[in-house]
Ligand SMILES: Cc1cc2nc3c(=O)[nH]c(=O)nc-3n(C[C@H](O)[C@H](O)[C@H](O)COP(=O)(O)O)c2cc1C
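As structure tokens, one chain now follows by itself in the form predicted on its own.
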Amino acid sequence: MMLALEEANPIEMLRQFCVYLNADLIEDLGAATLVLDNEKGKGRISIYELIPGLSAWIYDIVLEEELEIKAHFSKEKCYYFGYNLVGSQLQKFPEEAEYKKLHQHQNFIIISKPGEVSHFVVPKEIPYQCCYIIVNPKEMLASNIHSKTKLAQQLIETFEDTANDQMYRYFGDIDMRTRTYADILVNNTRTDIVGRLVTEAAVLNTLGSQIEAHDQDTQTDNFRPELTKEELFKISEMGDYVLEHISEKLNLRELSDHLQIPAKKIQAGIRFLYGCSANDYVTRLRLEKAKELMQTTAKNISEICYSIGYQSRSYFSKKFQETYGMLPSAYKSTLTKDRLFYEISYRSLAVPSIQEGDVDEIVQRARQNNLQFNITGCLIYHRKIFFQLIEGNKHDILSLYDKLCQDHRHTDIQLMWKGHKIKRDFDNWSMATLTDEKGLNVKVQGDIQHIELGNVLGNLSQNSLASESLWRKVRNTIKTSDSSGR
């Protein structure tokens, strides 16, 4: 795939992506999100225009094919501050034969030259999370917002000697400080007032962190230990090797042999990246793996202890309590209580012979039984199609879903999503219900009742209504609507 991207205002640029990827585009005031869910990939690209001349681009996407972007820069000179939170990308200027790799957790800055081109490549079939902050100093200076014009002036002064009228590129070190703010940017999906304030703060903090790292890297000699960038990249990926050998005894000499980096440099690199010793870093990986196994397997504490490389259960318990403030047994017990919930959502087709009284009975019985097992959720019935979301204790949800699959009153059951979550979406409703079928006697229940099904689903054919992708969008719509209505 190759996209010829013309530099323009953020919404117009996102529309170019949308047309090329055949994706949905959801627009809001000062923000927009591209939703991709087709043969080209899955995920989202969001943009936020904070003020004229200052915007943030958030990529959280997995592509089925490699995407090459040929970016044509406009007449304005813009500054691109980037950070790869998950995954990597490639970049080169036209006169370069080989691409340069932008690594995970690496700061990079590209300053455009009006009328020039830059090539980017996003790899296929791997999660890609990245944030770009795009600054147009000329537009910011014209905004007459004192704090923003001051920032624009600072950027011009910082980079005027390095960029001049040429293309400028800076690849920084692996930077875990910027990661904190980039993580907020990527994972904040709210576009309301609170969400926009969170985004603006994260954008300014990310920008400040990147400028500080650039200044220290280019103006001082002691910003990082005596390690090459390639050595730092290797050390930052050391965790994968540790997890692959988590049940084994690992020492610094073995890690040094694997990375082909002296042990002293590994210690310095770990302390620089994570602020702890190499031994503490390996311990934290073991303990995080233990938590994951408690959440996802039926292994007991002893089995988990030995599988992550500890020979003494008492020592494992001691380290776990020091790190998380509770014993492993106490943590495991919380997973069987109301700390974690399990959700299943599905779409199904009502059998042709179903009557309005049958649907009334389904809803009434669901509300009674759900109260008994502390199950909550939502049901939509529209033109002979059911959509249901149920949440509660994992065992109870799986048992209920098994019974639902055997119910003869619906067919073609399509699972939309299943998994754990930390809170309920419909905690006040045994079965929040939404329908526009006027013959039903069941009372509409829940904060989703203000949703107009006609607006959500449109005037679609029956075949279109049965599509899996449509009901995935409905799931997101009702979950967002319910949370915003509280």
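Note that residue numbering follows the sequence shown and begins at 1. We call the rigid core whatever largest set of C-alpha positions still superposes within 1.5 Å between the two forms. All values derive from a computational prediction rather than experimental measurement.
Not on display, but discussed next: the form predicted in complex with this ligand.
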is_contact(residue 136, this ligand) in the predicted bound form, heavy atom dist at most 4.5 Å: no
Non-hydrogen atom contact residue 409 with this ligand in the predicted bound form at 4.5 angstroms: yes
Proximity of residue 89 to this ligand in the predicted bound form, heavy atoms at 4.5 Å: no
This ligand contact at residue 431 in the predicted bound form, heavy atom, 4.5 Å: yes
This ligand in the predicted bound form reached by all of 182, 186 and 199, non-hydrogen atom within 4.5 Å: no
Answer option from 253, 75, 249, 403, heavy atom within 4.5 Å of this ligand in the predicted bound form: 403
Interface residue in the predicted bound form among 106, 283, 370, 317, criterion: non-hydrogen atom within 4.5 angstroms of this ligand: 370
Segment assignment from 95-103, 110-118, 322-330, 385-393: heavy atom within 4.5 Å of this ligand in the predicted bound form: 385-393
Residues in 53-84 close to this ligand in the predicted bound form, defined by a heavy atom within 4.5 Å, in order: none
C-alpha of residue 83 off by 2 Å or more between this form and the one not shown on rigid core: no
Residue shift check between this form and the one not shown, rigid core fit, residue 176 Cα at least 2 Å: no
Did residue 71 shift 2 Å or more between this form and the one not shown, C-alpha, core superposed: no
Distance trend in the predicted bound form - C-alpha atoms of residue 42 and residue 401, change of 3 Å or more: farther
